[in-house]
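In structure tokens, the next block holds one chain alone, the form predicted on its own.
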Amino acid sequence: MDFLLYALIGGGAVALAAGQLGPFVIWRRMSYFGDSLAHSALLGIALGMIAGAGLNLGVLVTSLLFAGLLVTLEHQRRLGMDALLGIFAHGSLALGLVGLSLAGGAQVDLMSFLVGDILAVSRGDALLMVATSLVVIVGLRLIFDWLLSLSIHEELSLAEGWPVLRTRLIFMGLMAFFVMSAIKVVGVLLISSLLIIPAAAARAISRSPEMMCLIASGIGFVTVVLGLGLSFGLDTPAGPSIVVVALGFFGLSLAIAGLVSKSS
């Protein structure tokens, strides 16, 4: 049963990091940014296999390059950002699929990359997930005030002399680290759900930004535990099972928020 323990440790660590990042993704309306980064990870996997540099390194380097490019193009006016993100997201996904085919598609378990394979997490994978999640959580704590101010009012942050560009770059870099560690948990197609759904559930029952981050991390952690239990008991894919449990928590949070608003 060691594989289940490693899955719990690695998946739990990733969920805690997702809970810290997710509220900022919602506040800054960056869900499509998350999708674009997640889809670029498949291209990173393909390039890592072709270059023989390792999958994690390929994903990290590609995600960091995409993150920097997205920040650079964020304020361009030639093409709408939603269209640009759509091009990046689907273009990188298509390039990744083609790259995996060229890298030896017969030896690649494509579904494990698309929807995750957390039950295949090894001891080394779990340790890497813990280390990466610590980097994300500590890094986010260091820029928390800057990022919160930027999320509330970017123009005011600029006027007050906050390091806006540096904050955006650091945040996108942390997102890239998260994408690298989350692939085995929920896969490329479902990474954004791990960021958004627990945070959205927490938003309905939170009274402060700090509380929202804390509750989102707690919901994410419990979601991984219950999702793994559901997967193990019903023999369903682990990644989608985790997302289904997260959806249940979101519905529950809306019901609780509705009851609270009626009683007040």
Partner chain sequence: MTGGVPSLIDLKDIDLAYNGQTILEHVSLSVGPKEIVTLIGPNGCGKTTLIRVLLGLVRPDAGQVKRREGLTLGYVPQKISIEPSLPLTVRRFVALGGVRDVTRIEEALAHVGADHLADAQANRLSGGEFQRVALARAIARRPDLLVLDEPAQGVDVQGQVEFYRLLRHLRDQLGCGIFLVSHDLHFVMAATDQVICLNKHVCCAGQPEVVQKHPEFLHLFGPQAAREIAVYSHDHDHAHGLGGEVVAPEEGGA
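Numbering follows the first chain given and starts at 1. The structure displayed is predicted, hence computed values, not measured ones.
Unshown form predicted in complex with the partner chain; subsequent notes refer to it.
Among 234 to 242, 36 to 44, 200 to 208, 50 to 58, which stretch has residues with heavy atoms no more than 4.5 Å from the partner chain in the model of the complex? Going through the listed ranges, the match is 200 to 208.
So in the model of the complex, does W27 come within 4.5 Å of the partner chain, heavy atom to heavy atom? Yes, W27 sits close enough to the partner chain in the model of the complex that at least one of its heavy atoms falls within 4.5 Å.
D82 within 4.5 Å of the partner chain in the model of the complex, heavy atoms: Close contact is absent here: in the model of the complex, D82 is far from the partner chain, nothing within 4.5 Å, heavy atoms only.
Is V135 near the partner chain? Define near as a heavy atom within 4.5 Å, in the model of the complex. No, no contact at 4.5 Å.
Mark E160 yes when one of its heavy atoms lies within 4.5 Å of a heavy atom of the partner chain in the model of the complex, and no otherwise. E160: yes, in contact with the partner chain in the model of the complex.
Which residue among L165, L156, L102, I87 has a heavy atom within 4.5 angstroms of the partner chain in the model of the complex? Going through each option in turn, the one that passes is L156.
Which of these residues, L169, L148, L127, A94, gets a heavy atom within 4.5 Å of the partner chain in the model of the complex? When the partner chain is considered in the model of the complex, the option within 4.5 Å is L148.
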